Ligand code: 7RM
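This document starts with one chain, in the form predicted alone, laid out as structure tokens.
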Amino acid sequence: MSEIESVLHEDRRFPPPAEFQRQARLSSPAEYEALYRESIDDPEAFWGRVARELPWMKPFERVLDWSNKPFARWFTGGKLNASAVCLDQHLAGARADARAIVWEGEPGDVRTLTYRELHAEVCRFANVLKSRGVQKGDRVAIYMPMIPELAMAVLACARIGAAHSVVFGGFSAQALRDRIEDGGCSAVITADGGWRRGSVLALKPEVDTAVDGIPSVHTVLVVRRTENEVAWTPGRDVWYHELAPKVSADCPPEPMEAEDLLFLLYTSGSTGKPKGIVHTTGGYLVGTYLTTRYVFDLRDDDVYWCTADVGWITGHSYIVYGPLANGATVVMYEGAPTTPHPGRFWELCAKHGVTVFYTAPTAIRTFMRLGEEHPAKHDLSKLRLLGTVGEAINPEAWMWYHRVIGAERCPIVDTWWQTETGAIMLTPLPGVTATKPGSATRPFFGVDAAILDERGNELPANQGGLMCIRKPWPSMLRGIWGDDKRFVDTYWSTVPGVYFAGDGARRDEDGYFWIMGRVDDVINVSGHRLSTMEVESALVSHPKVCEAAVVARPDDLTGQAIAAFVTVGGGVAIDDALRSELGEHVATEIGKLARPKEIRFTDALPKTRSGKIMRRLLRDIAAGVETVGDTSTIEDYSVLAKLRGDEA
């Protein structure tokens, strides 16, 4: 399972721009090496020093307790509050009146909240929750659009010691119900609706269906956003705007043990029920604080925009906790990236003066398909740093991002991490690292990353294998909610005693990591194990291709064959000549062995609502079998229906 052949060759290198490097927080490779070495050799000294930069209510007594592997405990004996770290610490100086959140709704309405204003609103939100009987130790489900009240709700729960469980506001009622029941939630925070692609997406009806018959849910707190009509259950359902004026804007933060539960975040696998990933307070905050500071090279005058939804771990870590702990100005946007026009993201960058921009490779490939004329209409000169998150970025998309959006002057931080890791694990440091298109480059501080086989042996350079972490890190998951055995079996048993969460990768001769996709997605052609990501990269490097997904299908001769699902640019003729042309292109780029046996053309690929291609569903389609397992995270079921009817 563990050995994957690498056929992708990428030799381009981009050193940090001199102007950026001169002003960067870290600009010396020697300084990075010294800090990294300390973080691995003496993690307690390193992380203890970093942690003391945060405002603790009670100092911690011990940095790390790893005696009950794989159940780590960080900063034991210490007490702090995540809301106070993000808000209260900034109220004493000039930052109190600096912008915390700059929000724009899809229809174009704008709200700006300073740290002082956000603090007052979070306290008020916390007091509303307390008035409804929510208390320390409770779990609260949050199912909302991307509005400021979503960030307020998250921080209000943290303020009173209630754990939040954010469920993306596009999930089905059944998916929401599963997460409410598994977490034992006592309250749900939602909104009447939100704007998405020019229409109101009603949320309250989904909540009503989800909570029906669940006795533990005593409150559904509803924020008014779109003013669509909603059904009402008196006693259970309450309007936030009616309760907020009746409570104080002062709410002292609850002192929390470092290992107290901060939130649950559910992640779905191919089969089985969703896993409630457990993140606790102290280590998670330390990890998100430090990664935000150095990966994004944050400065006081930056305007930072992560385009994710708070419903995903990226939004938790790099919209709310990490940036606010650093006192950043954070842009939030409610709607779709192409509504009401294809240049909406670039319009917002220009309008709000965005300097640091963090988005997903799937979005970048969409923008490539739409054409360069859309970003060209907007002034992107204030951008100084770009980032990618969510999946490996293919080199051609990286180069487009670098050239068209970054004007060849902005470093790109291509980050690898997971819901389970809590914070970024592999990343360039923008003032230090020479980047290579498609590589997440080097480990962040404290991350002992290695490419291993199942026996725990480290594989040689450029040999694909299992992407593993050998030592604990502060923001690591502490378990799966209610299922310690599943936690151990899922993450710590493939390579005994080592963290592995499903990704294959290789490490090149310079020590740079290249993520090769999920090991479940590796294709075995005549005994050769090939990375789907590398074949996809070869396809997307063809000028007529906008996006591609590659999966295995059964084959009598070779065991498995490569099936490719491809979207092409407007005006491209789809015929057998194009299929042949793309097959030859792949054979030329990475070898005849990787030539797809089947190429299907499609207008769109099935994706999760966070933008990840659902290759599991494509495998079923290619094999002609019925789809099984969880499909609650798919964004557009019509895409799946069209593909099933495609006999091309």
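Start at 1 and count along the sequence shown; that's the residue number. None of these values were measured; they are calculated from a predicted model.
FYI, the form predicted in complex with the named molecule isn't displayed, but the following is about it.
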Discussion item. I'd like to know if R518 sits close to the named molecule in the predicted complex, meaning any non-hydrogen atom pair within 4.5 angstroms.
Written reply: yes
Worksheet item: For E391, is any heavy atom within 4.5 Å of the named molecule in the predicted complex, or not?
Response: yes
Item to complete: Determine whether any heavy atom of T281 comes within 4.5 Å of a heavy atom of the named molecule in the predicted complex, and answer yes or no.
Response: no
Worksheet entry | Partner proximity in the predicted complex: T112 to the named molecule, non-hydrogen atom cutoff 4.5 Å | no
Worksheet entry | Segment that reaches the named molecule in the predicted complex - one of 249 to 257, 415 to 423, 562 to 570, 323 to 331, heavy atoms within 4.5 Å | 415 to 423
Worksheet item: With the named molecule left out of view, which of T355, T314, S165, T433 would have a heavy atom within 4.5 Å of it in the predicted complex?
Response: T314
Worksheet item: So which of E106, E547, E206, D503 gets a non-hydrogen atom within 4.5 Å of the named molecule in the predicted complex?
Response: D503
Item to complete: Select from 459 to 476 the residues with a non-hydrogen atom within 4.5 Å of the named molecule in the predicted complex and write them out in sequence order.
Response: none
